[in-house]
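Below are two forms of the same protein chain, given as structure tokens: structure 1, then structure 2.
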Structure 1
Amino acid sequence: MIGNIITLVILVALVVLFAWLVTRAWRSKRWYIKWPGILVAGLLTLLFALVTLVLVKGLYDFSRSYPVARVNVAIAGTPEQIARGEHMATVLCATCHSQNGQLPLSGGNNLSADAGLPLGDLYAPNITPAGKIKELSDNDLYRILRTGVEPNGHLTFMGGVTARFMSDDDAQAVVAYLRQSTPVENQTPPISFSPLLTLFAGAGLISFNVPDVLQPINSPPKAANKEYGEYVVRFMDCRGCHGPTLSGDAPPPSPPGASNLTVVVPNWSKDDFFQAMRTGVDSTGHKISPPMPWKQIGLLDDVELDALYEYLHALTPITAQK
């Protein structure tokens, strides 16, 4: 927050400075100083004023209180539900909430490093029973999973993660697993958004879309078909890096250089796809480089991975890539 305030002060000072230079240029009696000075200083005034407004909007979006959607869930905690929750936590949660990508979810590394941009200190917290979740009800946990908003209305970074588009059943299964997971004592550093990330938020490049009311989310029956594969694409956040059309057109702060899945995957056989996602090496011997989370995707079970392939393989190729 301090970095954002300092940046805001600097931006306001620059706006005032260049606005003052505009007035100085306007008073000049020499045309070659007056008109170029007004043009250059005026454009810079408008530019820094726009950046200032975007930063202020980002600060507001990060700090304001969001309406807390009402929920009333009853977590059964059956062995089957806990097992499903453990699987979903391994696939979805461990990437951020663990330092080694494995359970337990005792707190992760700085996610800013994965983006390759100075986005601040983005440490996913400890969500084992020894962490903050011991102070939260099942309704609170479920609401954070689905909205990214804490009971006090404060936004968490989960608000920008599409894991919240898990089905109701899968989200409840995750809560069931978290409640009985292994407690680990670990305190992660507080989250701090950098001015760059705040600007991204203010410019709308990061969208939270916190719902006032939670609508039911159902998934198709689990099967190796493209309908279930589309659900896997949603909760795995493939579009977060590969763009809305999966053609590699995601804007910042998504990692640059994401491949065009509409062209790549349709050229792979199912065996090629399974090999690439389970080993990190495609059929040509090419090693898949970070930040592509092939290890995370490889944790999907055979039915989920088969369904993902069926969906991606059926995509219409989009060759007009950025």
Structure 2
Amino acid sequence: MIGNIITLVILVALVVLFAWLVTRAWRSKRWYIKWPGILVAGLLTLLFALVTLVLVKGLYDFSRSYPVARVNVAIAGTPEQIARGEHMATVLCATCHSQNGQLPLSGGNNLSADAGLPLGDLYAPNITPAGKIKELSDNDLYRILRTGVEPNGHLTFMGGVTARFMSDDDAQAVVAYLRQSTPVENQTPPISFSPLLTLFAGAGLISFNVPDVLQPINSPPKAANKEYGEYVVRFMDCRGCHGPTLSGDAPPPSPPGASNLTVVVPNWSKDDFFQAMRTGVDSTGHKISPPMPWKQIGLLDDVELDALYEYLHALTPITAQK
């Protein structure tokens, strides 16, 4: 936060400085100082003013209070529900909330270091019952999963996490699992957003669309068919990198280089697909490289992976139009 304030002060100072230089250039009697001076100082004034506005927008988005969507869940905590929740937590939460990508969810590494960008201190906290979740009701927990908003209306980083596309049943199963997971004492450093992350947020590069009211999310019954596969694509967020049509057409800030799945997977057998997702090496011997999260995808169970294959295999190939 302090970094953001210092950056803001510096930016405002730069705007004032260059605006003052514009007025100085304007008063100059020499044309070769006057016009280039006005042009350069003027452009820089505008540039820094723009960056200042984006930063202010980001600070506002991070610090304002969000109207908290109403939820009312009753979590039964049956053994099946807990088992399902444990599975979803392994696939969807452990990448961030654990240091080794496995349960327990006792707190993770700095995501900023993983991203290779100075985004701040982004440690996903301990969410075992020994962590802060003991202060949260089931409704609060469920709402954080769905919207990223804390009970006090404050937005957390979880707002940008795609676990919010899980079905209501799956999200409730995760809450059921968290409640009875083994408590682990561990404290991660507090979250702090760097000026760069604030700028990204202000520029709209991170989607924190917080819904006022939660719409129900249903999934088809779990089965190895393409209907269920479409649901797996949603909660695993394949489109976040492979684009809206899965043809590799995701706009920035999505990482570049994600394959055209409409062309790749229809040419693969089911075995090819399982091998690629479970071992990270496809049938041509190509080692699948990051950021493709094949390890995480490989944690899906056989039915889910089968369903995913059925859905992707049936896609109509989209080839780039030139």
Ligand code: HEC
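For clarity, a rigid core is taken as the largest C-alpha set superposing within 1.5 Å between two forms. When a residue number appears, read it as a position in the sequence of structure 1, where counting begins at 1. Only a predicted model underlies this, so the values are computations on that prediction, with no experimental measurement involved.
Exercise for the section: Choose between structure 1 and structure 2: indicate the form predicted alone. Expected result: Looking at both, the form predicted alone is number 1.
Problem - Rigid part versus rigid part between structure 1 and structure 2; hinge residue out of Pro118, Phe274, Glu86, Asn218 - result: The residue sitting at the hinge is Asn218.
Practice task
State in degrees the rotation separating the positions of the smaller rigid part between structure 1 and structure 2, with the larger part superposed on its C-alpha atoms.
Solution key: About the larger part, the smaller one turns by 10 degrees.
Practice task
Check the Cα of Ser247 between structure 1 and structure 2 on a core superposition and give its shift in Å.
Solution key: Here the C-alpha difference is 4.4 Å.
Exercise for the section: Give the C-alpha shift of Met292 between structure 1 and structure 2, in Å, after superposing the two forms on their rigid core. Expected result: Here the C-alpha difference is 2.6 Å.
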